[in-house]
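Below you'll find only one chain, the form predicted alone, shown as structure tokens.
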């Protein structure tokens, strides 16, 4: 699909075909998109663990569920857990990754990138983030109890979680481009971390459920949003960014902007889906 159509067709899918496996090549395509996502401060933070629902033991899946977890977790055949490796920033603070990018013509003298700039400005800035005194202690919950991890600065953790957010967005858009459905969902990542054996230097955020649509692609229509003018401003707060109707028309034709939920037939579809999957009507 064209990018605008991918952005328009992305939904939080809640009905998956639980019996239909996702081809490994499509999962790889999603990981390739994540691999090419922008990197915060050029730091290689992002890690993922791809988990196949049917390869989990029943008690492991049960332990991962949250009080708000609903049927889509049982239906989705694949879960993608996103992490940021907190040790990546100290590695970057050696400067080796920046030197490689300078050698490859990515970070250039025209923009001030020299060895002295790196040593006198960039690396002290990164070390200041790493060593900042406002800190928290990382913890991983396992069946045998909590494991205490390293202490990291809040600024460090914020950068790492920003990197995860960028990766999640790339993954979501790539999933829909591959003809799949996806949703960021609540799972007990503390429990999952112990089951998956990830290092206690990795921090995480919402995993992505992945599978084939068990409902229509429209899923009842695009989710409603607050008025455009309440979110976007130009030059200063209080001066709304003008929403040009002709641009709205162009993006509607490109399928980025689509009819808002609920579409007229959505309630009928939901009743049919409940019967199809043996769920409450």
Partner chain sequence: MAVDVAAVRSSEATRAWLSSRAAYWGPGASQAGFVETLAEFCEFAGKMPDEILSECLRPSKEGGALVLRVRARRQYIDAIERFEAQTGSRKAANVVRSFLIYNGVAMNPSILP
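Numbering follows the first chain given and starts at 1. Just so we're clear, the structure is a prediction, and the values are computed from it rather than from any experiment.
The same protein has a further form, the form predicted together with its partner chain, not shown here; the description that follows concerns it.
- For the chain shown alone, residue 71 is a contact residue for its partner chain in the model of the complex, at least one non-hydrogen atom being within 4.5 angstroms.
- The closest heavy atom approach of residue 93 to its partner chain in the model of the complex falls outside 4.5 Å.
- Contact between residue 75 and its partner chain in the model of the complex is found at the 4.5 Å heavy atom cutoff.
- A residue is said to contact a partner when one of its heavy atoms sits within 4.5 Å of a partner heavy atom; residue 271 meets this definition for its partner chain in the model of the complex.
- For the partner-free chain shown, 267, 270, 271, 277, 278, 279, 280 of 266 to 280 come within 4.5 angstroms of its partner chain in the model of the complex, judged by any non-hydrogen atom.
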